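Given next, in structure tokens, is a single chain: the form predicted on its own.
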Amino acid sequence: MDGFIALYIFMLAAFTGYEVISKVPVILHTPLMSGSNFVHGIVLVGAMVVLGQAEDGMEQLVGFIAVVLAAGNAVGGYVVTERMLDMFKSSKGEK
């Protein structure tokens, strides 16, 4: 029964997230992405805590994969944000 509740909460969160993000004006996407990078940093810290608490091999494997994916997500988010901010920089003075 707990699995169904978790699935229901996940589906509700996914639907709510999609609806909220689809209503955001284009001009706010860069600040929103920067804020989501902060959340990805927290996810990375959580994944490291889980990996540190792992006791058997399977838990360590799942924790390691979580750390790798969270780190890649955070770094990728910062790279994309930097590229988006570069689009807004003025080209004056560049030759």
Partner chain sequence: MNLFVEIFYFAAAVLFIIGLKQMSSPVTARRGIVWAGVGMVLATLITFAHPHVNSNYLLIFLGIAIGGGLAWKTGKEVAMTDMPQMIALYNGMGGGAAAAIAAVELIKREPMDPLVQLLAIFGALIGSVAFSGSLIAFGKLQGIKQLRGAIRFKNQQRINAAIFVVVAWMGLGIATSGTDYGMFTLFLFFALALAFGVMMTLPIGGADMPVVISLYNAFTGLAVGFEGFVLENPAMMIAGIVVGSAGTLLTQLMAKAMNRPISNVLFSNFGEGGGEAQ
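Positions refer to the first chain, counted from 1. Rigid core: the largest C-alpha set superposing within 1.5 Å between the two forms. Treat the numbers as computed from the prediction; the structure is a model and nothing was measured.
The protein also exists as the form predicted together with its partner chain; that form is not presented, and the subsequent description refers to it.
Trainee: From first to last in sequence, which residues of 36-59 have any non-hydrogen atom within 4.5 angstroms of its partner chain in the predicted complex?
Mentor: Residues within 4.5 Å: 36, 37, 38, 39, 40, 41, 42, 43, 44, 45, 46, 47, 48, 49, 50, 51, 52, 53, 54, 58, 59.
Trainee: Is residue 41 displaced by at least 2 Å at its C-alpha between this form and the one not shown when the rigid core is overlaid?
Mentor: It does shift by 2 Å or more.
Trainee: Is the shift of residue 19 between this form and the one not shown large enough to count as movement, that is, does its C-alpha move by 2 Å or more after the core is superposed?
Mentor: Indeed, residue 19 is displaced by 2 Å or more.
Trainee: Just checking, between this form and the one not shown and with the core aligned, does residue 9 shift 2 Å or more at the CA?
Mentor: Superposed on the core, residue 9 moves its C-alpha 2 Å or more between this form and the one not shown.
Trainee: Residue 39 to residue 82, Cα distance in the predicted complex relative to here: closer or farther, by 3 Å or more?
Mentor: Their C-alpha distance shrinks by at least 3 Å in the predicted complex.
Trainee: Looking in the predicted complex, are the Cα atoms of residue 45 and residue 8 closer together or farther apart than here, the change being 3 Å or more?
Mentor: So the answer is closer.
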